[in-house]
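Quick setup: one chain, the form predicted alone, written in structure tokens, and binding and motion questions come after.
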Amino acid sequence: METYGNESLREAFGKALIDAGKIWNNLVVLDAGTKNSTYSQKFQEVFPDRFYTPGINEPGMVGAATGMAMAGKRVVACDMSVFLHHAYAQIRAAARQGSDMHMIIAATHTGVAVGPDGGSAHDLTDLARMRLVAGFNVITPWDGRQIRSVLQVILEEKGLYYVRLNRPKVPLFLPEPAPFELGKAYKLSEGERVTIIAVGDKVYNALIASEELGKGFADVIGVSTLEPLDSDTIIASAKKTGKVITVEDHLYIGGLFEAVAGVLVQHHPTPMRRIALDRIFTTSGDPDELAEIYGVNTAAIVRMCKEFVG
């Protein structure tokens, strides 16, 4: 598969924020003391009068972001994902104000891809948490090019958005401009024997696995919006192949696996397998090493497909 270099989602996000700031004068950015990690400091360097930090105070940041959004601002609140646990009550309170405001929560350092920052920094439950908050769109971009498309789309329309970003550099594999439509999943490869549904930066792994399995083996569906989920695309592929595997850097509980299973059990019951983390605590290490240890890498997808199809 052709790629165009490597870039972390958080790095692409920081660059895209600057471009967005040039377009929308009412765009403000907040960060709870992690601006060098989330790359929101890039926005601060260009637009210092539109950047705010409450310090290490996630509840305060989300509260301030909610107030600014209610006052008519386009608001992006940034933080490392694991620290947003502290502001869950405020996130829920924000959602109760309704979708007639414009607020984006951008969470970096998700999954075991956080790597050497340590197991306590690996947020494996953020998708589950945010799927439980009514009104939030949960967005899981695949590469740095899609980040730019995501911001262009979600800054156009009022609403509540959670954007999941990662820490390490990953391949840029999408065309420019990258496809993104809120609530739409994309068929990226055609196959007859199994459907692979992947989310976030695991979409690239799914495509590489499909190439290794051979032409015509797997339907690959990339999910860049987990909520709302594109049920029609998933059901159509499941009807064709009769087998579904989901792939995510997240606990299987509450994430992509259970979202897809919920759709299929209601509309087209289909045998499923999962590439995801079990209900465990993880350890520190190199991102690629951890992906191998916990079975969320390309090799694990290939093995699972071969075993499942038989």
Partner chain sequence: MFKIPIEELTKKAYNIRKNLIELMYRSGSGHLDTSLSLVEIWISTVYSDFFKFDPNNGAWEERDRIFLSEGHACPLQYCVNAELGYYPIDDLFNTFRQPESPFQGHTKRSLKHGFENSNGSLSIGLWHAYGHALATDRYVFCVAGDGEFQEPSSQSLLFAPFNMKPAPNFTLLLNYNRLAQDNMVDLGPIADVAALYNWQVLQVDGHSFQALGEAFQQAIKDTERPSFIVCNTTKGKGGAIEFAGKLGHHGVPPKGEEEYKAYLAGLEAGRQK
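Residue numbers count along the first chain shown, from 1. Predicted, not measured: the structure shown is a model, and the values here were computed from it.
Only in words, not in the display: the form predicted in complex with its partner chain, which the text now covers.
This chain is drawn without its partner chain; in the predicted bound form, the residue among 284, 41, 241, 57 with a heavy atom within 4.5 Å of it is 57. The contact residue chosen from 205, 225, 90, 237 relative to its partner chain in the predicted bound form is 90, the criterion being a non-hydrogen atom within 4.5 angstroms. Across the options 193 to 201, 212 to 220, 97 to 105, 116 to 124, residues that bring heavy atoms within 4.5 Å of its partner chain in the predicted bound form belong to 97 to 105. When its partner chain is considered in the predicted bound form, residue 67 lines it closely, a heavy atom lying within 4.5 Å. Its partner chain in the predicted bound form comes within 4.5 Å of a heavy atom belonging to residue 52. Remark: residue 71 counts among the residues lining its partner chain in the predicted bound form, judged by a heavy atom distance of 4.5 Å or less.
Using a 4.5 angstroms limit between non-hydrogen atoms, residue 30 touches its partner chain in the predicted bound form.
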